[in-house]
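Only one chain comes next, encoded as structure tokens, the form predicted alone.
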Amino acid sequence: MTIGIWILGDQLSTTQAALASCKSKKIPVILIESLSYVQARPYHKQKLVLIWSAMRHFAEELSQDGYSVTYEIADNFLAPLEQWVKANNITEVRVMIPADKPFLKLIQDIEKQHFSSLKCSIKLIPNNHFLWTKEEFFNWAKGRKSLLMEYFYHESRKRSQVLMAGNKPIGGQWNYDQENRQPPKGNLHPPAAKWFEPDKITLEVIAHVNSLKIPTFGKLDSKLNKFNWGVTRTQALEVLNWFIHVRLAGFGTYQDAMLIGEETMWHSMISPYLNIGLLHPLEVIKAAEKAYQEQQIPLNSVEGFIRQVMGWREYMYGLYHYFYELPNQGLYAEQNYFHHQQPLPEFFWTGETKMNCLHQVISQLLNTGYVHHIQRLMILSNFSLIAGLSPQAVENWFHTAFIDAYDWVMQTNVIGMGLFADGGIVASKPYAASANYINKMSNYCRSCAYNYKARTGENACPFNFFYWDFLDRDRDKLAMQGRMSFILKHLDKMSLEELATIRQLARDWHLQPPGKQ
């Protein structure tokens, strides 16, 4: 039997399971850039450069380490795979199971429809880029009435003994959310993010991406919209080290804050590297825990960061696969609890809107492919929810717009957490808010054309009239969520005239031509 290894673009680790399953380096390895795959939906130009440059650098690293590496740039995956199998007399192709279900199906279809004639099989090796296997998560979830992340997070901390004193959390409590939601008061000056100048390989990929005649998202040039992400494990480790030693201490307190001109605040910026295998979650968690133990980094910052990686990231990955396996549940991706059907406004693609918060966030997204979690949840998702945008259209857009987006990342985060389109499976309440929240947690409202205090009138902020319109039009379903009862009572205090005006403003907004919103 001759074994070959097919490495996917989000599995760029020398310890990934398929490579680790073979003790010898004298095995053929293949990596493939498929043009047809990136035409299934538009992708951010910065993401295409990240993936393809990281793949090319990883292929070069494997070659230098003694592997026999084939690197193909092709219209599809099938043709180079068949040629590679024949050229190397391969009888078994090993692939680490992809994190995304659609790619798993693509691999299975390739084997079923084409590999029998080659007398070759595909062996799927369990994915080792996460802390919890699919089976372990299923065992945890089985029989539970509630799948709250907090319970999962506690179990993760216990079994890995992270920030634990025996069976109890260090510091006496499991999370420090109350300390990590401070508004950006005073003059805050977060340390700069860790960026890199593109090398020869990356410059070649940039030129290639800019030459493609396919739909893409975002901007990519040599001046204002440069590509400055890391593309190797060495660079990813530099970003992690920079965060741990320079940014982590200040991360917790202002992790929800948003400021014009301070786009990344104290955030780690490691999600793109985690999601393609250049970093492993356990080494990230251990580095943060070590910083707490040796450098006396504040516990609220360390715990808040570890919860993002050990809690939310693993939880979302587990739920994504769990929902796919549940019988009689239908496709999670098609959930639409509120029956929202409005199309995406044009400014989601351009950033050209009078709402300064959305203008700032989408403009940054166009330039870099990244905004932090509160900008995603309380600006982009919040607006999409209260404005009644189609959950499927919003989720597809998130997948297109973000450099760290994958099917397993975006479905549960957007459909469930952001839009409450699953009816409360992931979130305990809808994350809906008026402009008051945005004004509290940012300085966006100070230079906005709209009045963040006004619910009606010519300068009323759309976040306000959409918020109250959402509570009104979906009141019956919201009333079923226990945590919404208090806020719904405020509707009863509103005059019929004001409520009618709010409804009309919401309807009229959707009828405005692009550029007027």
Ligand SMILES: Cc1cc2nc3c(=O)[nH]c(=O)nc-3n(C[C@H](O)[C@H](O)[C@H](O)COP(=O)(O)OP(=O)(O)OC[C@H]3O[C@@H](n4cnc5c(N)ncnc54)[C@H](O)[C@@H]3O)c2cc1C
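No experiment lies behind these values; they were computed from the predicted model shown. Position 1 is the first residue in the sequence shown; the rest follow in order.
Same protein, other form: the form predicted in complex with the named molecule, not shown, and the subject of what follows.
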Check your understanding: Even though the named molecule is not shown here, does A427 get within 4.5 Å of it in the predicted bound form, heavy atoms only?
Key -> no
Check your understanding: If you check in the predicted bound form, is L377 within 4.5 Å of the named molecule, heavy atoms only?
Key -> yes
Check your understanding: Taking heavy atoms and a 4.5 Å cut-off, does R313 contact the named molecule in the predicted bound form?
Key -> yes
Review point. Is there a heavy atom of E111 no more than 4.5 Å from a heavy atom of the named molecule in the predicted bound form?
Key: no
Revision key, fill the gap. None of Y370, F348, F227, F152 but one has a heavy atom within 4.5 Å of the named molecule in the predicted bound form; the exception is Y370
Practice item. Name the residue from N300, N128, N396, Q308 that puts a heavy atom within 4.5 Å of the named molecule in the predicted bound form. Key: Q308
Practice item. Go through 74 to 82, 139 to 147, 179 to 187, 273 to 281 and give me the stretch that gets within 4.5 Å of the named molecule in the predicted bound form, heavy atoms only. Key: 273 to 281
Point to revise | Candidate spot W6, E204 and V231, all three touching the named molecule in the predicted bound form (heavy atom, 4.5 Å) | key: no
